[in-house]
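Subsequent text provides structure tokens for two forms of one protein chain, presented individually as structure 1 and structure 2.
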Structure 1
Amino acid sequence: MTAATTTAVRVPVDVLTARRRGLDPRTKIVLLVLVSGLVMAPGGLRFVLPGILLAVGLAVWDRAWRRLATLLVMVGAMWLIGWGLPLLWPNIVTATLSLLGVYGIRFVTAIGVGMHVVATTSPTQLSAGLRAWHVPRAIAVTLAVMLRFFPVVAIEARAVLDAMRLRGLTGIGGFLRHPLRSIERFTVPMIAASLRAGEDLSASAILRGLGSHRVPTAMIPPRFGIADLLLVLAVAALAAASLLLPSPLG
């Protein structure tokens, strides 16, 4: 198992924190599916602002200030491309780019809620929640491994970028000077690291009994609590407001 994989095992969740805040993993899964479906559906632009407010509220609740800053920067960039530039500089180029911003802000909304799920849900909690729903074992194990895979890949990507930075291949200047070499030096190590991480995580999952036919016992059984009720009420209030009030995004 690589050092990056070992580090990532500690990253996603503090079990004690999850117990204290009490959000059931099933609530988070339903929330992610609901928000993604609403903002991606036709006419889903009116649900973007409530979705962003929800993602911001979850980041504040978790005290994840870096995630909050990243989310706000992404939202601001998409708003500038989608609405700001066409107003400041109306032409065919900005009009075309505005389509990218209009659809990009929908993805940013779903990603904002998804970041909360990834950051606060451990594979063990996810597996326990899916078992409570009687989800087939093949799907539950696959989702649990995927939940661990993305943070590991992000750590590997940062390591590759650090190595490229030492060779002057990062940034816009480095990419413009050596475009093919930059792509090669990033893509090839990432493919190798992803394959190695997948093998390590699969071995770790087998050792933890995810492939066993016996039903494992969860240390923290999933239960709905007051935090889930408050979240459902907040989502219902935001959905009602988005339906009754005019959308500022059009």
Structure 2
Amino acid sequence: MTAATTTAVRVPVDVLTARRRGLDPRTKIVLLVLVSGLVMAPGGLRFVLPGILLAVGLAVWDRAWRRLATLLVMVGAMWLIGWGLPLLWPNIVTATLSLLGVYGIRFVTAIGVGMHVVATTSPTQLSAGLRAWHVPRAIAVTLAVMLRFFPVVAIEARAVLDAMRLRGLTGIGGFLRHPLRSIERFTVPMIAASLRAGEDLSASAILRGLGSHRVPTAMIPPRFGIADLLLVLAVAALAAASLLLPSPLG
């Protein structure tokens, strides 16, 4: 998750200069729900490899090499835990751990698609897409604000962790010895700092008409384009392949 949030910080989608248009936000949401639903469902293991291919394809398309590397490392680790290790060194521990890998690889597949959604969707695009679907105002506005607020809280959390490290308060050992005190020392300043930042954000957002009952005009209205068509074709091909060909993960 930290990887996803850092990507969100590093690659702000500049709405005004977005000439190279990506997927429609609605397509991304449907894709995410589809992949997450299929991969975690009974018999979902056959959809894992197509899902990973899709996530890798999206990362390459975005030229997000860091995301690609993170994704491949996570997939590799899960495959090693779930399949490689028990075969190389069969014992009780690796066999039990393999369940974690089998579950984790499904998780990582969904995260891979989710990272694309987080990295490429700006709050304005998200709310424009949700508005086009007539999602209730409360939900659409809240989700858009959350997307905007994630980098802020992530930065505050990191700052608190850094301060704790400076004072020598972090580390697994200390955490295990005084779990409640560690929680308090991390959570309380993090919440206070985030709320302070949130006050500014709220004031600015409300003044700019956030949550108004009027329908705002989207600068880039959500439209389905060539990119969405390509994705639908790719998903159809991958789905057909995963249903017809034998599953490599078994």
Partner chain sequence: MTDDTTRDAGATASADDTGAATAADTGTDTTTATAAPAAATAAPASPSARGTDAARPPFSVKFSARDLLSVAIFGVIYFVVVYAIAMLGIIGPLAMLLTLPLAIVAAGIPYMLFLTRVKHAGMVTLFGLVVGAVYLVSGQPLISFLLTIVVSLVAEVVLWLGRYRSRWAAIWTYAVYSLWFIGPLLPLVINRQEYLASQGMSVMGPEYVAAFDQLFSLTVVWIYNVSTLVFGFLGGLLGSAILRKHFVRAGLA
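Only the largest set of C-alpha atoms that superpose within 1.5 Å between the two forms is called the rigid core. Just so we're on the same page, residue numbers count up from 1 along structure 1's sequence. What you are looking at is a predicted structure, and each value in this text was computed from that prediction instead of being measured.
Between the two displayed forms of this chain, it is structure 2 that matches the form predicted in complex with its partner chain. For Met40, a C-alpha deviation below 2 angstroms is recorded between structures 1 and 2 after rigid-core alignment. In this overlay on the rigid core, Pro151 has a C-alpha that sits 2 Å or more away from its partner position between structures 1 and 2. Leu180 is among the residues whose C-alpha shifts by 2 Å or more between structures 1 and 2 once the rigid core is aligned. Core-superposed comparison between structures 1 and 2: Asp162 shows a Cα shift of 4.4 Å.
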